[in-house]
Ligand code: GLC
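Presented below, as structure tokens, is a lone chain in the form predicted alone.
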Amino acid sequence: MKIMMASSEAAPFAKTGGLADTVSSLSLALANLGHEVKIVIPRYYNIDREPLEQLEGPLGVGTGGGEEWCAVYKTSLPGSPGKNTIEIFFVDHEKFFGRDGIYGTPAEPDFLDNPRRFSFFCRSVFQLCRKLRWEPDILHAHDWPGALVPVFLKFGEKYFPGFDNTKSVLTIHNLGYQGIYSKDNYWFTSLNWDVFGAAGFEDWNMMNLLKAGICCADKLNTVSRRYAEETRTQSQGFRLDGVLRYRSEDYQGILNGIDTELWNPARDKFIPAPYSSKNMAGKAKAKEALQKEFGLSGRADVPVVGMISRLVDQKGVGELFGPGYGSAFSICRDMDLQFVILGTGENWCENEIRSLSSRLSNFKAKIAYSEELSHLIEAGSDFFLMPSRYEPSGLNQMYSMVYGTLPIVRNTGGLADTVQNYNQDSGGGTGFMFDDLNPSAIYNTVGWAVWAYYNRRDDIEGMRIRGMNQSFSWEISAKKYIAMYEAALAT
């Protein structure tokens, strides 16, 4: 099967979150199963052209304003299997992508020309396939930046040679981000105005790119079974629940996997010593290194709660860090534990975390992002806190379990699909879970975990081993994607 991934991000070249990891890891898993996979993303300012190979000749892309010209570069995706090397292509257009930031900057979080930037990108996917003389069976688009790929296929491209048998799939990684912009940008798509309503762009007198993609894609999925259910409800559907209910027959949840080569305590280059479920000595060394890195006292007997997060509302940071309201201060004041956090996000939250770090000897933070520190936190912590308002899939809870770190999570989305709640009677489970998102629930569940750490150590050790022995391999998920592709081709 020939599959083209169209995405705004792909690791390790451009990344703001889990989307980039998913695109690259899924592509590798599909290639390992014998499929021919290519990836196309924009070439942003931070992607160095020097080591890339430039395709001969320019690429012309039709838009409502005429024709835009760009260059295309390529390289191989790291880790590609030799017999099915994955080529990743970079659409190089200085006006649209030669700037800092993928979607925006701290000064301008959402670029005003984003609908034009990604409309151009989605059109370029078809022109790239023509340039390569490569006819894909599946065009797999990701989130709102890629959502116009199914629209362009349905309303035009499929009637031209090369795409008449192509089907489209759209993966929703986070329904909270939809690409809603003024209708004034619609002309740039070069689609007729009668398509505006037929394709599903209309959204309270605005244009909604994700909604149009949902209406036009042959098959849809999101990144966990539970999140697929939640997004069809009014409470978590972000006003698209009705559309998703209408498309229910074509919509499913497929849980993300994790890169078990990169995230593996037995051969992790970022931690002091390797370890496994049969020999946990390396985890104690990681804990010692983590405490030293964050300036905490080197106590082996105290539980360490770790957190790596974007500091935004979705992640429950209001309930945890809200000044005078959040539970983080009370957790650290009342409980014999240590708390470390790594992340960036909203200014108020960063400032409050700095304030807590200055007032509490057992709370330390780094306002940054670091791949190396992320691995150390996962390995060195005893618990990992994820109080998410909603979580489409989540990766850190899976990383945590693989590293023998017990997740403390809200009962939602992919967290609910992957974490088994602790049972005090049987000692079973792989983590600790709460239902309602409020400061008391977070406080009480962290307290429950800390109580178990001091009073039920056999249970804690059993949960660690149980978590480490679970499989979150991408191969399992990739086979489900293949089944979805086959269903799309059969329509």
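All residue numbers refer to positions in the sequence shown, first residue = 1. Only a predicted model underlies this, so the values are computations on that prediction, with no experimental measurement involved.
Quick note: we don't show the form predicted in complex with this ligand, though the next part is all about it.
Colleague: Given the stretches 290 to 298, 130 to 138, 274 to 282, 311 to 319, which is the single one in contact with this ligand in the predicted complex, using a heavy atom cutoff of 4.5 Å?
Modeller: Checking each option against the 4.5 Å cut-off leaves 311 to 319.
Colleague: Could you tell me if G18 has a non-hydrogen atom within 4.5 Å of this ligand in the predicted complex?
Modeller: So G18 counts as contacting this ligand.
Colleague: With a cut-off of 4.5 Å between heavy atoms, is N174 one of the residues that contacts this ligand in the predicted complex?
Modeller: Because a heavy atom of N174 falls inside 4.5 Å of this ligand in the predicted complex, the answer is yes.
Colleague: Does this ligand get within 4.5 angstroms of any non-hydrogen atom of S381 in the predicted complex?
Modeller: Although this ligand is absent here, S381 would stay clear of it in the predicted complex, with no heavy atoms inside 4.5 Å.
Colleague: Against this ligand in the predicted complex, would L395 count as a contact residue? Criterion: heavy atoms within 4.5 Å.
Modeller: Heavy-atom contact with this ligand at 4.5 Å: present for L395.
Colleague: Find the only residue in Q338, T231, S124, N256 having a heavy atom within 4.5 Å of this ligand in the predicted complex.
Modeller: Spelling it out, the residue with a heavy atom inside the cut-off is N256.
Colleague: Which pick from C215, I88, V91, V223 sits with a heavy atom within 4.5 Å of this ligand in the predicted complex?
Modeller: Exactly one residue meets the criterion: V223.
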